[in-house]
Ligand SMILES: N[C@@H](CCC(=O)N[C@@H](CS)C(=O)NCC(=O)O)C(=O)O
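Just one chain is shown here, as structure tokens, and it is the form predicted alone.
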């Protein structure tokens, strides 16, 4: 496997795909992985055979092995790179970092659900209660990170996930997060100045796909 190449099924606009693409960049694996777009709404797209859930991102390995979920893929990529840069391999610190990364991912999950509510349901059937429920998740997670932002000079699975969450909030705007979170605004500015992979994985102008 040291010299194998891989295929990443993702779009350039997927926030979870962006997490993986940032990890690929940071770990120095760009030359070994080809990004092949997938359409989650296309019933004929082979993505549904590769990942029965039909979700992005999805990593195709040699011999037919398929990995999906951004967290699983990033752990594999770190092992492939022979690194502990993004996540410690052992100890309680590993689980603290995994927990914070899950919290950051939860911001993106809730934001996606808000976007999907407006995209897949007729405006007359939108559920204010459902939208408020998702907005509350985002607000509580942002409050947690506002009270204790991670180190912007460190690139790991927490800072990658959090930066990608902010990128999606800024791009799709399901909520206005910046006015009430000045420390996080400063954090994002500092992190993006520190980590060039953020700019290199930025999504193009909005399209119909998340």
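Positions refer to the first chain, counted from 1. Bear in mind the structure is a predicted one, so any value in this text is a computation, not a measurement.
The form predicted in complex with this ligand is left out here; the points below concern that form.
Contact check for residue 54: a non-hydrogen atom falls within 4.5 Å of this ligand in the predicted complex.
Contact between residue 50 and this ligand in the predicted complex is not found at the 4.5 Å heavy atom cutoff. Although the partner is absent here, residue 201 sits far enough away that none of its heavy atoms falls within 4.5 Å of this ligand in the predicted complex.
Contact annotation for residue 16: at least one heavy atom lies within 4.5 Å of this ligand in the predicted complex. Checking 139, 97, 80, 112 for any heavy atom within 4.5 Å of this ligand in the predicted complex turns up a single hit: 112. Screening 54-62, 179-187, 154-162, 26-34 for residues having heavy atoms within 4.5 Å of this ligand in the predicted complex returns a single hit, 54-62. For the partner-free chain shown, nothing in 159-198 comes within 4.5 angstroms of this ligand in the predicted complex, judged by any non-hydrogen atom.
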